[in-house]
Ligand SMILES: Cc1cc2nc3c(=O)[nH]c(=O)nc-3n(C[C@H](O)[C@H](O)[C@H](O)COP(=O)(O)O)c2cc1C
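Before any questions on binding or motion, here is one chain by itself as structure tokens, the form predicted alone.
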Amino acid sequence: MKIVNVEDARRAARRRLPRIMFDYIDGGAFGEETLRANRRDFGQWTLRPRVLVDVSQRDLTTRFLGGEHALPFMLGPVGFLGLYAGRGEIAAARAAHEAGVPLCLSTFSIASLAELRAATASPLHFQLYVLSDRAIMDELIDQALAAGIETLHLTVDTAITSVRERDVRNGFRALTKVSPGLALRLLAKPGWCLDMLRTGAPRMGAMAHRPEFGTSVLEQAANVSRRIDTRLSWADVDWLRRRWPGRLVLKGILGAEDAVRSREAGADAIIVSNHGGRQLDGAPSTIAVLPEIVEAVDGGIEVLIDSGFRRGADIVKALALGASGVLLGRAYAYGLAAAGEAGVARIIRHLAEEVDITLGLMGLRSVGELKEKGSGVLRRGLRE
């Protein structure tokens, strides 16, 4: 199957992956209302076309999170990339860096920071969950420093893990070893099985040296999940701000009040995120709340956004509404699951092409010009 857009990659990933893996990528919390809203609400804005403008030369270069990047998006943290394709984190990082954008590694990753750093010298970010054991937190921060990480993303919306009903049905994070039933379901996807065999038994890289977390990735994931600190508060942000010398990003902000408080806590940036619809079901989409958050912080803190991005026009709308950049999640994870590094590269190229064409048809020559014109290039109101 030829992959020409993100939905094509999604369908290819569904065919290749065992259901337990695909549903982990694809699913949301409870009734998946927010998951659907993340896509639907991009339709609240339409684009204003301009004609008879010389757009023969277009520039997608964008500055966000302290660096100038070739594209206005990066690859955000997605757990267990190494379960979608062998050495998945490394494959995704190589594709991102070839395209001139960063990748953020999740705490729930198969590859460790050290392994990823050995594979690429390009910029890496690290996403951190606050665990109840602060000694482990200190260790993870030290690993990030040793790997030369300059930007740390603290996820702040998962102190309580929501119910993802697809995962409950499949036993993800409930199973601690491969049951006979799960083994049969895995063997039904022989291509995926061979890929995993070639790269060895997957384990969480950050916890591989800690026997108390177990030896299999299922056991490690369950044990780490149980140790996520339900007492997470602004005091932890204050502690991390003192502990971390680099750029600090708070991921999971959905309201103006929390955005302003993030600035006061010393964060360098926030990511407007509802965890891809995987946490508070019934929460607003990120694109719906982006304008009020941008207005509230009034330039006092950098604002990025994730959740629901599948098209170049989605990215253009977010940039026009004040985001400095976009983080992709499922979009590139589908590409990875479908075709490894080449699949990620294809998704990046596809979205870059869509952004480029969209700007040209709007009479815009660059991302900089788009940001300068802002919401004036959009029209509010649902399509008829």
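Predicted model, so just to flag it, every value in this text is computed and none were measured. So that there is no doubt, residue numbering starts at 1 and follows the sequence shown.
Unshown form predicted in complex with the ligand; subsequent notes refer to it.
- Of the candidate stretches 239-247, 138-146, 194-202, 79-87, only 79-87 has residues whose heavy atoms lie within 4.5 Å of the ligand in the predicted bound form.
- A residue is said to contact a partner when one of its heavy atoms sits within 4.5 Å of a partner heavy atom; residue 251 meets this definition for the ligand in the predicted bound form.
- Looking at residue 330, you'd find a heavy atom of it within 4.5 angstroms of the ligand in the predicted bound form.
- When the ligand is considered in the predicted bound form, residue 72 lies well away from it, no heavy atom lying within 4.5 Å.
- Residue contact check for residue 25: one or more of its heavy atoms lie within 4.5 Å of the ligand in the predicted bound form.
- Shown here without its partner, the chain carries 106, 155 and 306, all of which come within 4.5 Å of the ligand in the predicted bound form through at least one heavy atom.
- This chain is drawn without the ligand; in the predicted bound form, the residue among 273, 151, 220, 170 with a heavy atom within 4.5 Å of it is 273.
- For the options 278, 311, 117, 125, the one in contact with the ligand in the predicted bound form, meaning a heavy atom within 4.5 Å, is 278.
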